[in-house]
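Shown below, as structure tokens, is a lone chain in the form predicted alone; questions about how it binds or moves come after it.
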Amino acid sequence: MKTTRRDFLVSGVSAAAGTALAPGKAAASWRKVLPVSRPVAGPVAVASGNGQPAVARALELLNEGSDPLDAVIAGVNIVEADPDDVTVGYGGLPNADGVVQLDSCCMHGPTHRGGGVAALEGFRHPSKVARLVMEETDHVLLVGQGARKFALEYGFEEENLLTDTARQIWLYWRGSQSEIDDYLVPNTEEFTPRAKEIIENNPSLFYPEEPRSAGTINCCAVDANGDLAAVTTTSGLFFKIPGRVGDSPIVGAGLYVDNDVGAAGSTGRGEANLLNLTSFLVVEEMRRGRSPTEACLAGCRRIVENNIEKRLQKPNGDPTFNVSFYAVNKAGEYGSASIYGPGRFAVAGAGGDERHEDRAFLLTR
């Protein structure tokens, strides 16, 4: 058998340690496993509000016995390929230069491994590339041109992700940003119906003083055996600075999975989530015995408590932005919560097909 560098190093360390490493069971005895008070109610999949097709596909695969990571990635692939969803994958809104840059990460509960890509250009399924980073490298995160080269090496086909709808919305945004440059607001008469709809219904996208939107899909799942997985994928903050990376490709922020406890993920203002590593916090709150909904609310409270910059506060001190969380525990209980409500999230399983349910929230706008 071929001996790798890692085999050589591990054998050397083990020999030097003598019998100190021998009692493997004792070495892992400190792990506190969340007690499951009843049989697993899975399979269950939960996702952000735009994830109803994702949870439907995930549940279908889970019922067939698929690995939970296979299930959630296949689910979000549907949304990544949908040009009408301007927040994810193909058709996602671009950065300030008009370039679509995608972020994604995934985490597999049974192996406690994860992978991610950030600022990836030219590939509509960043979640698939993120999984390959997890499976085929000793790294967790690849970015930019390194992530692009990696995707090409593994056979992904490069393509233009900027649809006519996304390009037209970007042109409208660029023309509306300043009265001192040479770009004018374009005439929308020849725009696609989808572009007109978004421009008419989302005026805050085009005014610098208003908080911009960020679109993402997160999907978490537990199978009938209590094994967990999660994936988050996004085109990021609309019209962001080129190279900006949010929370979505970062393990602990965009999502987190502990197979003894549960899985959680997020959508919304990535910077706030990065500063609090809130998906990790949500899982830890479930470890302490909170329900998924209570744990998601605890994550929202942490962000609000730490939001002390005046520029990110309303006159009454509340945040100017929103963040939402989605979670499922090992027993198949699920929930979601956001800073601001009302709102809905997608779920499939737990006695029903794919559907939307109301999520909990701390504040009303």
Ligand code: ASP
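Numbers follow the displayed sequence, beginning with 1. Quantities reported herein were computed from a predicted structural model and do not represent experimental measurements.
Here the subject shifts to the form predicted together with aspartic acid (ASP), a form of this protein not shown in this document.
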### Option touching aspartic acid (ASP), based on a heavy atom within 4.5 Å in the predicted complex, out of Gly109, Gly91, Gly115, Gly268
Gly268
### Query
Which of these residues, Arg174, Arg290, Arg194, Arg244, gets a heavy atom within 4.5 Å of aspartic acid (ASP) in the predicted complex?
Arg244
#### Entry: Partner contact for Gly98 in the predicted complex: aspartic acid (ASP), 4.5 angstroms, heavy atom
no
### Non-hydrogen atom contact Thr216 with aspartic acid (ASP) in the predicted complex at 4.5 angstroms
yes
### Task
Spell out, yes or no, whether the shortest heavy atom distance between Thr234 and aspartic acid (ASP) in the predicted complex is within 4.5 Å.
yes
### Query
Within a 4.5 Å heavy atom cut-off, is Ser248 in contact with aspartic acid (ASP) in the predicted complex?
yes
### Heavy atom contact within 4.5 Å of aspartic acid (ASP) in the predicted complex, the stretch among 143-151, 159-167, 235-243, 176-184
235-243
### Query
Quick one: which residues from 298-328 get a non-hydrogen atom within 4.5 Å of aspartic acid (ASP) in the predicted complex?
none
